[in-house]
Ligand code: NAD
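One chain is shown next in structure tokens, namely the form predicted on its own.
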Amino acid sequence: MAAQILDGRSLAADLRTELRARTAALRERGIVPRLAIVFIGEDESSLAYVRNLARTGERLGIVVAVERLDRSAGTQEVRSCLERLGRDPHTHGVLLQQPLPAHLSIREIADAIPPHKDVDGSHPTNQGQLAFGSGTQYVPATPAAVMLLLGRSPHWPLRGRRAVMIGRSVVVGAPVAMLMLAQDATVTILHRLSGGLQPYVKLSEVVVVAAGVPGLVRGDDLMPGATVIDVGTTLVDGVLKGDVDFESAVRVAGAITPVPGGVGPVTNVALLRNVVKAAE
């Protein structure tokens, strides 16, 4: 039986319809949702992401403003910019675009992001609240996208499900693991020093992969009928590839996200959803 394709484009379209209604209601009250992105340097992939976010925001009635800082900007200059945006009553969400230039450390800057406007959940307070399993005001965009897609899978709700998270980054892997735990799943985290995928993946009803290794997970690694969420995006010979070998996995999985067209389209909308929440 062919796997259910968890279509991120379709889900993103549904979320955009919801957000247009919410932004229209805000504008009737004289509130224009506004996201400020602090962008340092000239990273091309980051620039493309910001441009796409601005276009999506415009279609949804959300202003996306970019605060450009020179690549040579120091820690204090970045912190001052973030703190100023925290005081601006017309700015509802603040995002520090990453990756940062090599001379800057997120650990020395993240606490300057205003926590009540931290729409990508990067402030240490918001990350700490996420670890409690509930109570965090803003779930980071990519982990939120993963959970929204899981919500459309045959394994939702996750209560009692066996799940594996491949990857432990503070941006995706660790937050997704904590969010699945908050939904009462039994979660195993694998990483590069785990010594292998098995037997953990074969025993898991839900598999989330964010390792940055194209084709890491194949169909014969999976439990038949498993739900597979592929967060990986790597350009291979000009083609975007995920961490899951889709051609073999789709014949075994019960539900699976494609790459492209899975997690990616939902991520931007999940971030802008947080901006609307902040404005509300």
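Bear in mind that the values here come from a model prediction, so they are computed numbers and not experimental data. One rule holds for the numbers: they count along the sequence shown, beginning at 1.
Another form, the form predicted in complex with this ligand, is not on view; read the next lines as being about it.
Within 4.5 Å of any heavy atom of this ligand in the predicted bound form lies no heavy atom of Arg79.
Contact annotation: Leu197 falls within 4.5 Å of this ligand in the predicted bound form, judged by heavy atom distances. Taking the partner from elsewhere, Gly167 is found to have a heavy atom lying within 4.5 Å of this ligand in the predicted bound form. Looking at Ala210, you'd find a heavy atom of it within 4.5 angstroms of this ligand in the predicted bound form.
Segments offered: 124-132, 159-167, 79-87, 103-111. Contacting this ligand in the predicted bound form at heavy atom distances within 4.5 Å is 159-167.
Scanning Val201, Val187, Val171, Ala73 against this ligand in the predicted bound form with a 4.5 Å heavy atom cut-off leaves one residue, Val171. Residues from 206-240 that approach this ligand in the predicted bound form with a non-hydrogen atom closer than or equal to 4.5 Å are Ala210, Ala211, Gly212, Val213, Leu216, Val231, Gly232, Thr233, Thr234, in the order they occur in the chain.
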